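Shown below, as structure tokens, is a lone chain in the form predicted on its own; questions about how it binds or moves come after it.
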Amino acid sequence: MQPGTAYERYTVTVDQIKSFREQGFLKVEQLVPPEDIQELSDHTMGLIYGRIEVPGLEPPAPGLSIQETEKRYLRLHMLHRKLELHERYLLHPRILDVLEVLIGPDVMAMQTMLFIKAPGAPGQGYHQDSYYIPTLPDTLCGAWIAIDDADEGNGCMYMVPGSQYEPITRNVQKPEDTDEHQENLTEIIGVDRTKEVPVMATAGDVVFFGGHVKHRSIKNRSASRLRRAFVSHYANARSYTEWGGGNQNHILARGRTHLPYARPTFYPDYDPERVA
């Protein structure tokens, strides 16, 4: 995905909208083209092995094994403020085409996370993203780009359909199953796992999910497969937030807003009203 790449506009169907409203999440198959996934994959390995320099990220120490090197980072936050490529994928036109329908037409781009779940790495216990990133009105939506195929073997996500209509749960604790989930994070107490469904994805698929949806991921139990994903969070650009320093620190990705907003760091001439 080079700057200025022209993409065929993605048209969201009525059935997809209905599914998102009913389930709280939507998987759009092969939304991101293979050449873009290859670029994300190559870039991620460059970060892991220290071939790409980023302030605050230490290169791997000499003599580390492949396994040790790939386990150094589980997730990297907010690199779109430091790296052009991360900002570019935060503003990927095909992602925004879908968000424009699900939460738009005005879209604010707020957060990026690069997940690098190596073999043996833990998942994250049940949580709701709006617990961490509140917006008013609450329009938060995640977009999870699968860089690798994700299944129950290498640590895919699980979601509770319909939980988008439940309030934000404040009843959280440290995970009980620390072999499965990261022990330094919290999880929602008492989620009925009989209602959860695995969300398996092929590289290039994108999973969109609302901020109230209860979801978790599981440990990567494969012997050799990574489970990498590029995850961004968005909200309607007319929602107010104090998260991350407020609206003025987040990019207006599509449409208009009466609230303050930031322009892209690497694309200052970016036009949120121009849709290819």
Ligand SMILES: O=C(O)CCC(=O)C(=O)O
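All residue numbers are counted from 1 along the displayed sequence. Treat the numbers as computed from the prediction; the structure is a model and nothing was measured.
Here the subject shifts to the form predicted together with this ligand, a form of this protein not shown in this document.
- Of the candidate stretches 163-171, 119-127, 78-86, 187-195, only 119-127 has residues whose heavy atoms lie within 4.5 Å of this ligand in the model of the complex.
- Interface residue among T44, S217, S239, N220 relative to this ligand in the model of the complex, by the heavy atom within 4.5 Å criterion: S217.
- Site annotation in the model of the complex: the residue of M200, V101, A203, M113 reaching within 4.5 Å of this ligand with a heavy atom is M113.
- Contact between F209 and this ligand in the model of the complex is found at the 4.5 Å heavy atom cutoff.
- For the chain shown alone, H233 is a contact residue for this ligand in the model of the complex, at least one non-hydrogen atom being within 4.5 angstroms.
- Interface membership of M157, defined by any non-hydrogen atom within 4.5 Å of this ligand in the model of the complex, is confirmed.
- Within 4.5 angstroms of this ligand in the model of the complex, the stretch 137-152 places a non-hydrogen atom from W144 alone.
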